[in-house]
Every structure is written in C-alpha cells, then in structure tokens.
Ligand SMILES: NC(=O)c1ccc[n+]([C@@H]2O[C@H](COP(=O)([O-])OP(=O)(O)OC[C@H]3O[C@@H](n4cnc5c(N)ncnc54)[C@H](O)[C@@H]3O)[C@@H](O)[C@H]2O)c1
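As structure tokens, one chain now follows by itself in the form predicted alone.
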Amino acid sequence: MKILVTGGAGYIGSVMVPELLGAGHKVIVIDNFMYRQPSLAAHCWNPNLEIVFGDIRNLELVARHAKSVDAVIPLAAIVGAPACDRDPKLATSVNFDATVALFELLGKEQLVLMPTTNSAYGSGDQDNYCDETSPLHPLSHYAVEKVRVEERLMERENSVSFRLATVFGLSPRMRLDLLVNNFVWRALKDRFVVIFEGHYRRNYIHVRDVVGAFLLALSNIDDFRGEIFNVGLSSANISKIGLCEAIASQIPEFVFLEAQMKSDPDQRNYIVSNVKIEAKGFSPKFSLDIGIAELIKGLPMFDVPQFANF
C-alpha cells in the first residue's frame, strides 16, 4: 500500500514508519519536526520513504500528498494533557481542526487508521471497568479533543479507531513525560518519586505493540474496518504503586512515597478490557517488565530538556 503518516517522525511514528517500510509499503511522512528530531535519518536511504517538511494545518500541502495514497495514519498532534493545557488554541487547531479537515480531503475508498486514547474513559463504571461500549468521560483538553475527533472519524465508512493505553518504551523520538518512561527516568536519575493517589489504575502498552496493532489491521482490514478497539496490555492494568513496585524490582535503590496532602490533577482511574482486539489476533509481545528493562538500558542516552513534551 501507499500510506501517508502525518507526524511520522514523532514518538510512535518513528517506530511505525520503519516497520511499514519493512512490510513493503510505500510511506509518505508529513512532519514539521517541531522537536528538531532526526528520528528517521537511518531510513532516508529507502526509496519507498518520502519525507515532507510541513505543517498538517497547511491543507494545500496535505491535499497534494493525500490524494494518491491508499491509507492515512494521522499521528500528528499536540500530545498529552500538559502540552495541550499550555497552548489550548494550538492544540485544538492541530488535534481537531486540521485532523477533521484531513478527513474531508479524503475519498470514501481511502482507509484511515487513527490512534485515539483510552483516557477518554475517565474513571469507568462503578468498578472502574471500561470496554469499547463504556460511556466516555474525558477529563483533559487532550482527551476531549480526541473524543470529538473519534466521533467524526467513525462517521466515515473506511476508518478504524485505536484507543491507546498509556504508551511506554524507547523510540528514536523519545518522550520522557509518559508515566512509565518518566518514573523509570526518575528512578535512574533521582532514585525516588513522590506519587499522589497511588491506588489509581490505568492501562499500559509498549510502543512497538501499538505499531503491531496497526500492522495487524492493515493486513486484515475487513476484520477492523468501521470499528473502535482498545489497545492495551491486559496484564498491565495496574496502579501507580504497582508500577513503582515493578520498577523497584529492577532498580532496588528506587524509593517511592505516596503523599496525602494533594490530589493528582490527572484523575484517570480505570481498568480497560482489550478482549475485542485480542479476539482479532492481537497479542502484545512486550510486557511491562521487558519495557522497564529496555528503559533502564536506553534512557541514559537521552537528555530530558530535548525529549519531553513540556
């Protein structure tokens, strides 16, 4: 296939694009390289990769490249609650306005596979349980915009939405603001972290397993078309305390304290079912423990001011 990946040099994209190329697809990446990341440099030799320096809000540019592709994977976004709260107008213009405008440029036959977020569940039901039919209660600007985009996405005939769990793992365009990545980085650097409402649970997924879900859908599109899927690691529906304990099992010097005087501004607290996508053959390859070991090995290569979204 010929695939357009917006934001293809970002945290997920710089892992996904090489895998798409390896599967034989032709890939066009549109990215403004706002973090000055050389994350696709090792793949510029590949004639099946085209890199376009540009902003997805430039609809003329996007239309020029979108018209010839079979599928679009819209990764370009201002990602995460802190980054969106810092500049809400920018976040809306990129995460909602430009993304919906992209949908409107596409023909009905063109496929869209898009990451959304399971943070839209808020706190789930009375048992904090969520599946794809659960009501959405987005708590952050980022989650609200993702819900709005998903509504518009699923109005198309040829679309798939992946509600991603909190992603972790190494990427050429590293992010240290994601919870697992951040806690391991703090464990390595400071040897301690203070947490709030440590019993709050959320679900996690390795960045390479996220890519695996997209590749699975591309290879079996009739099983995925028109559907919404949670994408997470079912063994990693754990609390922040549980996450810290998993890190401490590999970094014994790591100390974590739960503070009682403050509440966490991020009030997400849920257990997510991934049964629907598992029934389609999705089987994550990277456990939380494998991801923590990977981060311990690789994070010393990265410097926080360059590799965080804050």
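The first residue of the sequence shown is number 1, and the count goes up from there. For clarity, every value in this text was computed on a predicted model and none was experimentally measured.
One more form of this protein should be noted, the form predicted together with the ligand, which is absent from this view; the next part is about it.
Within this chain, residue 273 is remote from the site of the ligand in the model of the complex, having no heavy atom within 4.5 Å. Although the partner is absent here, residue 212 lies well away from the ligand in the model of the complex, with no heavy atom inside 4.5 Å. Within this chain, residue 206 is remote from the site of the ligand in the model of the complex, having no heavy atom within 4.5 Å. By the criterion of a heavy atom within 4.5 Å, residue 164 is counted among the residues contacting the ligand in the model of the complex. Checking 233, 94, 111, 120 against the ligand in the model of the complex, a heavy atom within 4.5 Å turns up for just one residue: 94.
Checking 32, 269, 250, 48 for any heavy atom within 4.5 Å of the ligand in the model of the complex turns up a single hit: 32. Comment: 171 to 179 is the region of 100 to 108, 171 to 179, 127 to 135, 184 to 192 lying near the ligand in the model of the complex, near meaning a non-hydrogen atom within 4.5 Å. In the model of the complex, the residues of 38 to 65 lying within 4.5 Å of the ligand by at least one heavy atom are, in order, 54, 55, 56, 57.
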